[in-house]
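Here you get one chain, nothing else, as structure tokens; it is the form predicted alone.
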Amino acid sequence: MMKHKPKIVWLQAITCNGNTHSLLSANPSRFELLLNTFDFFYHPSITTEKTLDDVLNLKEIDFLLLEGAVTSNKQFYQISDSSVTDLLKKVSKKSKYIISVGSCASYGGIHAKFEENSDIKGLQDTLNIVELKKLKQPIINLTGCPVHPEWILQTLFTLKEFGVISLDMQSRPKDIYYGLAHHGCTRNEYFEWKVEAKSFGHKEGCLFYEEGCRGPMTHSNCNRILWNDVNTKTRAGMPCIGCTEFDFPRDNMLETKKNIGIPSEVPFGINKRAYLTITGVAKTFKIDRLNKKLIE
């Protein structure tokens, strides 16, 4: 007798497919475990045997995942003559868990800045949760541009095993988003001694002071659970752009906004006076080792 596998339906709205690409970049062993554990019933780009009509005919969906921002305006986006909003309202009522995959599905993302259509938004602002009688816990936001594939897998396996996952104030899983991208950054010694990076793409220097790095203000575990198991933006010499936060994307993301030479925003949870005091002390010292190339 075949064991029941929880059914996953993945829908796409206004999206660049970045989160799909990210999922397909998951650790191969973990991705195989996902396919062996769950019934990946529908994805418009991955599954071939099922259609959207098959999804609409389902009586129940265990996990509904949405990638992309939502609009009810069919002039800008529609699927099979239906608006994304109408489609979501139908399938969400069948779903036990609903997960917004990515910052666009969570908050509208970059698409919400499109001035010709003010109707673009995230999933939570689209659905009326009171109408979702089968829902076992509030809508979950997996923010990021894109989402780390392991965050998707970890959330699905946790819900399958325990039936519930603890969320923060932004409806993100606490276990994934409790820390900062700064934690685990290999440039932290440069941050402590206020040694700035000279440009992008190098191993040396901190990217916070000039290059706009948001690692000390961004909730994610990017520098603890590495991308492709080997790397992160900051390790590759590019600043964290804060893509897991609700205000992403911001203007001028590759520069640090300052006022009289002082960063407008200081690391999360640290008041500006304490930050300036520590910075002043650190800058009175010059650590020769940190001003040289790591590999000569």
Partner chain sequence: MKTLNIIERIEGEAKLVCTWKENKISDAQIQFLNFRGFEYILNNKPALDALIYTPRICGICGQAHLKATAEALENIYKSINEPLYITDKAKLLREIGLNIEIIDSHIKWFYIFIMPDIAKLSKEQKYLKYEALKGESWRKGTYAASESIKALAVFAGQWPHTSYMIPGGVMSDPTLFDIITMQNYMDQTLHFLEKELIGTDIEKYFSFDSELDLDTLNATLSDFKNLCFENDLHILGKSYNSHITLSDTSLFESGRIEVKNRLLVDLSLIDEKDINTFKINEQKKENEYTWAKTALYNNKPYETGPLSRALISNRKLIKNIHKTYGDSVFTRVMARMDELINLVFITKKLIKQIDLSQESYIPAKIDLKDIESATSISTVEAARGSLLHKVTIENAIIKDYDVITPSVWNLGPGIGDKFGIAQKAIIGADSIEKAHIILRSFDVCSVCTTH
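Residue numbers count along the first chain shown, from 1. Small disclaimer: the values here were computed from a predicted structure and weren't measured.
What follows is about the form predicted together with its partner chain, which we do not show.
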Inset, instruction - Would you confirm whether the three residues K203, M238 and R250 all fall within 4.5 Å of its partner chain in the model of the complex, going by non-hydrogen atoms? - result: yes
Legend entry - Region of this chain that lies against its partner chain in the model of the complex, out of 177-185, 135-143, 91-99, 113-121 [heavy atom, 4.5 Å]: 113-121
Inset, instruction - Please check if I270 has a heavy atom lying within 4.5 Å of any heavy atom of its partner chain in the model of the complex. - result: no
Legend entry - Touches its partner chain in the model of the complex: T277 (any heavy atom, 4.5 Å): no
Inset, instruction - Indicate whether K283 is a 4.5 Å heavy atom neighbour of its partner chain in the model of the complex. - result: no
Legend entry - Close approach of I79 to its partner chain in the model of the complex, 4.5 Å, heavy atom: yes
Inset, instruction - Just give me the residues of 217-246, first to last, that have a heavy atom within 4.5 Å of its partner chain in the model of the complex. - result: W227, N228, D229, V230, N231, T232, K233, A236, G237, M238, P239, I241
